[in-house]
Ligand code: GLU
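To begin, one chain is listed below as structure tokens, in the form predicted alone.
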Amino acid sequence: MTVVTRFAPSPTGRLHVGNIRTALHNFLFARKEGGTFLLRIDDTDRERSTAEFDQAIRHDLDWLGLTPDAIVRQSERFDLYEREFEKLKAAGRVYACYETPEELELRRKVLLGRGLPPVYERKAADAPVPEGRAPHWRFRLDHDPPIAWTDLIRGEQKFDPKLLSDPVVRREDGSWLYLLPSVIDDIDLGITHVVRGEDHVSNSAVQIQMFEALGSEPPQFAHEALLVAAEGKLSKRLGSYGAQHLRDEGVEPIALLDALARIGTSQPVEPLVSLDELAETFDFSTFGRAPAHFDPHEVELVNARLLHHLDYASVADRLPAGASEADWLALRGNLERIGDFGDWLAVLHGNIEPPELGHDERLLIKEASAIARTLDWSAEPWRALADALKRTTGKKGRELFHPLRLALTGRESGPEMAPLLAAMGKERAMARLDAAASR
């Protein structure tokens, strides 16, 4: 069996962190199994779906590295839905209903008031048809046997169909609801695994009967725990945390994917640099049932750890013109975002304002300047300078290194000084030491 997964967003908004996670898990499972990952644009809602959001979703997936193998749109498949709907109608598996939303809500309250489950009550076949009212259509569930399947994450699942309402699959105006077109698509596209949030578990129970009614074996299901913010329910802030936010913040897309691939599992979040590495270790058996807690700060930490190990070739096209490999290696260890590189490059090769030092600090820097003139700058100038200063001044630790860093970089903290000083070069370093000593 060739694995085929799908990600099915509606083009009514931008991708956020929750649906990116769903897309990622579908992508990784297909990649691991050597299968196919499809993008299905669920654009049956003609009023809310837009071409701009359709394009944005595809652009975001490409930027994240989750490029699908093929793209289909539900708006282009209405003829297929119509044909399959007619088959179900002929078989008596869909039927017309005429209640208004107000009538249904009233009946629901009555059932709840009696302590009964608010399940839709089917009307008799010879019930009168209200004059001038167009029908909506429901799928007729078989009440026996129980609906059961083995979920790849949740394990054995069982539903009593008598406790489920026959779902509405088509509105009065002829437009489609989600459940039936999704099943028809999954059959037509050969979807083997449906990976989605646990809020769809009851939908899957209903859809299993739809697959069977259409003469098809249901796919395997994997319902993952929902993503929540660290403080509880997924907040509006996280609802806007997506690809556009990452681009605006200068965060590497793989940093987000590293976090989303592993949170909610028994595997640690690690700064892996490729989707292939993530796919190799992807395993539904590691997924837990507890809510997956998402913390944007964790993404930022992973991003920094990634940058500290990225080689020059992987970032060269995003660095300022003229930045060398030596510059990157000297500065990457202090970066939180790649956009910070430009500021540090100016420290390395531009002009800095001499810092204000105390009297003793200026004497130290004056001594450092004298020693620096005698060093072999082709070897390890930072170690040689520090060792010589320790011997001549008796200073060590912060008392030694803090004024040296300030004089050479104008910053209180930053990258390791050894590669920084080597990349800076003798002439620039001497000029900065002299300027700091004489201020």
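Numbering starts at 1 and runs along the sequence shown. None of these values were measured; they are calculated from a predicted model.
The following text describes the form predicted in complex with ligand GLU, which does not appear among the structures shown.
Residues P355, R362 and R432 are none of them found to lie within 4.5 Å of ligand GLU in the predicted bound form, as judged by heavy atom distances. For R138, no non-hydrogen atom is located within 4.5 Å of ligand GLU in the predicted bound form, even though that partner is not displayed.
A residue is said to contact a partner when one of its heavy atoms sits within 4.5 Å of a partner heavy atom; R77 fails this definition for ligand GLU in the predicted bound form, lying far away.
Shown alone here, Y178 lies within 4.5 Å of ligand GLU in the predicted bound form, counting heavy atoms only. In the predicted bound form, ligand GLU sits within 4.5 Å of a heavy atom of D42.
Heavy atoms within 4.5 Å of ligand GLU in the predicted bound form are found in one stretch of 178-186, 161-169, 307-315, 365-373, which is 178-186. Proximity to ligand GLU in the predicted bound form, taken as a non-hydrogen atom within 4.5 angstroms, holds for one residue of K87, R289, H200, R133, which is H200. For the residues R93, R262, H245, R196, the 4.5 Å heavy atom test against ligand GLU in the predicted bound form is passed only by R196. Residues of 128-151 placing a heavy atom within 4.5 Å of ligand GLU in the predicted bound form: none.
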